[in-house]
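Shown next as structure tokens: one chain only, the form predicted on its own.
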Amino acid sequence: MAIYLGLDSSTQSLSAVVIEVSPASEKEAANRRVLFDLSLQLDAELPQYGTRNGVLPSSDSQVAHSSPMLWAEALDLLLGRLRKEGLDLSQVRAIAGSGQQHGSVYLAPKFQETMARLNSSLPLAEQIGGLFTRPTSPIWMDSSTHEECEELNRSLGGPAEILELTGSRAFERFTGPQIRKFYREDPQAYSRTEKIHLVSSFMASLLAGRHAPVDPGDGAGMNLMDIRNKEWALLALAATAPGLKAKLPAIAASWTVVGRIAPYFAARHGFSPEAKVVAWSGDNPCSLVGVGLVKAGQIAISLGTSDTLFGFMPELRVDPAGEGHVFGAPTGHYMSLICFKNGSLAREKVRDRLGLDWPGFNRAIESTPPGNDGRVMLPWFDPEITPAVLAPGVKFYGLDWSAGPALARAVLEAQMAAMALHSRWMGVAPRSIYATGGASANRVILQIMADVHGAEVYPFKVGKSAALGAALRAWHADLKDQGRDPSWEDIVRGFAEPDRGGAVRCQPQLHEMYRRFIELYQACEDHALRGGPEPGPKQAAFRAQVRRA
């Protein structure tokens, strides 16, 4: 049997999924299983870093940073815990991982020399503290680089040109604008920086003890990679900061074997010195594989800290509105993605405002009518990514904070309507949706998802889709490294398959109602963001139609 380890360094946690495969019967689903499924919550397990939901507190709502030392210490801690739980790490053939996309890490010279001198009897965090030219890392929730995005637009010819070049318009959370901000605010620290890594390539570099490459999946989330050629876009680099290419890792295919595991981890945690470290990718590309989206025609919705809607894309297609993204897929193709920042934290804030637990939250939803009598919430508790909302603020149409149970329904219907509205550019009318992330266990949420999108929704038994996808990528890369050419459909079979017995089916009459609700929601967005007409008449018409039905 062969064992593969997948890790996921997310905003709030570090997770591991370990899979076991019988090499003699690799195409048979019965000869594969998940051995371990373990998570470490960052705030609770490492409180000394002072994070809240994985983010350092800030007086500026647009600033969101975390600590790269936190991620490094979490890695050391989780590997030790896997060993204590009974996993024989010496049997792990290969390790791959996923990292929260867009976060960046700034390393001083002599990283590789320091990694080679590590003492395996001492914790990792005690020995690498001097390696960072920027002590904190901006992450995907940061929206403080609007000025830098405008500068890039001017330098590169505008949003449409950046979109065509990199697959996304210039987004505040993307790594390129964040690097430019660092260069402008602290040019001396920038000049001292030897390498700028993503969270994914940083974690892979720790494991390998050497600078790891960036893969096209995560590299596409930087506004710095040519999405067609999957190489650094020299014009974008020059517009961002001087000498940037030398400071970035190489771009390499997702199945690249970076090298063998660093001696530190072999000695400290019992890995075989021959264990392979595979290039890491972003959490969204890894989730694509982790939910089995390796061919066209299906989408997935991940309900996490942020909510994301994504799908497999065999050929490149960009969003003309510039709201969606195109990333490289671990299969070598592309993936489409839309990110909504106000995900689980928005749901939790409404739940807490109502003083409810999750069962109570569900009962509140079930006590209110679908469509909420045309009452709409725009749940922008934090600056929003899709649509672009820099100044946070919840907005109401036909209700307020005193609306009681209607608030629970309002936040969910708004989130699902926004997903349906802003995913139209993908050109896919899904018949099925794979649901993953923490909230995918909530069938009340999944029912609204099914009715709004007009599709059957399949939850996943393994909720850690990014970590599972990373483990599957480790297996795939190991086979490729052996000179074999495995099919991705064979790789995901038996692992990345939904719980078909737990399918949530669309109710056709409610889907027709929600088609009208989406148009009402769009009118509310237009009024709030673009000064469109007051949506009151549309709300009245919606209520009248629903009551007649």
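Position 1 is the first residue in the sequence shown; the rest follow in order. This is a predicted model, so every value here is computed, not measured.
Although not depicted, the form predicted in complex with a small molecule is the subject of the following passage.
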Any of the heavy atoms of residue 161 lying within 4.5 Å of the small molecule in the predicted complex?
-> no
Tell me, yes or no, whether residue 254 is in contact with the small molecule in the predicted complex, where a contact means a heavy atom of each within 4.5 Å.
-> no
With the partner left out of view, is residue 114 within 4.5 angstroms of the small molecule in the predicted complex by any non-hydrogen atom?
-> no
Taking the shortest heavy atom distance, is residue 304 within 4.5 Å of the small molecule in the predicted complex?
-> yes
Partner-free chain; cross-checking the small molecule in the predicted complex, the single residue of 442, 143, 372, 331 with a heavy atom within 4.5 Å is 442
Which pick from 76, 226, 348, 194 sits with a heavy atom within 4.5 Å of the small molecule in the predicted complex?
-> 348
Region of this chain that lies against the small molecule in the predicted complex, out of 316-324, 372-380, 430-438, 450-458 [heavy atom, 4.5 Å] | 430-438
